[in-house]
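Take a look at this single chain, the form predicted on its own, given in structure tokens.
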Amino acid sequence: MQRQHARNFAFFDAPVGLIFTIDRRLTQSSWVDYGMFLQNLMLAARERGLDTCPQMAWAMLPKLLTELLDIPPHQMVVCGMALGHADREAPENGWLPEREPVESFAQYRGFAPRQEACGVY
């Protein structure tokens, strides 16, 4: 497990490693916007045939990253992201965790979801 975790710091051998920062002065709502930005970046990469892996492990090294990348003091590290082509033969890329059913955490009030529309239910 420790060896696999350490691979974060080589961006899982991806050809591109990204480090994301955010201005410390921004409010909680900005973090929500940032999450949507990251998701859209991941979706855009996937649309272009690339794979991504968001990595919170990089947020544990703010001092090192700040020094190495000359990150200004008003910025803080949010996460890293590996960008490239996933190794489909790697065991970790074949693992699909069980998903919690939507009904266990969402309520539908005032309308019934159309099951055939999205195939999730």
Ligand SMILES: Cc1cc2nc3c(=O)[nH]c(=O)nc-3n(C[C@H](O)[C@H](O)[C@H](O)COP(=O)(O)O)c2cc1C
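Numbers for residues come from their place in the sequence shown, where the first is 1. The shown structure was predicted, so the numbers you read here are calculated from the model rather than taken from an experiment.
Just so it is clear, the following notes concern the form predicted in complex with this ligand, a form of the same protein that is not shown.
- Put simply, of A44, L64, M36, M56 only one has a heavy atom within 4.5 Å of this ligand in the predicted bound form, and it is M56.
- With the partner omitted here, the stretch from 83 to 91, 25 to 33, 46 to 54, 64 to 72 that lies within 4.5 Å of this ligand by heavy atoms in the predicted bound form is 46 to 54.
- At a distance threshold of 4.5 angstroms between non-hydrogen atoms, F11 is out of contact with this ligand in the predicted bound form.
- Using a 4.5 angstroms limit between non-hydrogen atoms, R99 touches this ligand in the predicted bound form.
- Applying a 4.5 Å heavy atom cutoff to this ligand in the predicted bound form picks out no residue from 22 to 47.
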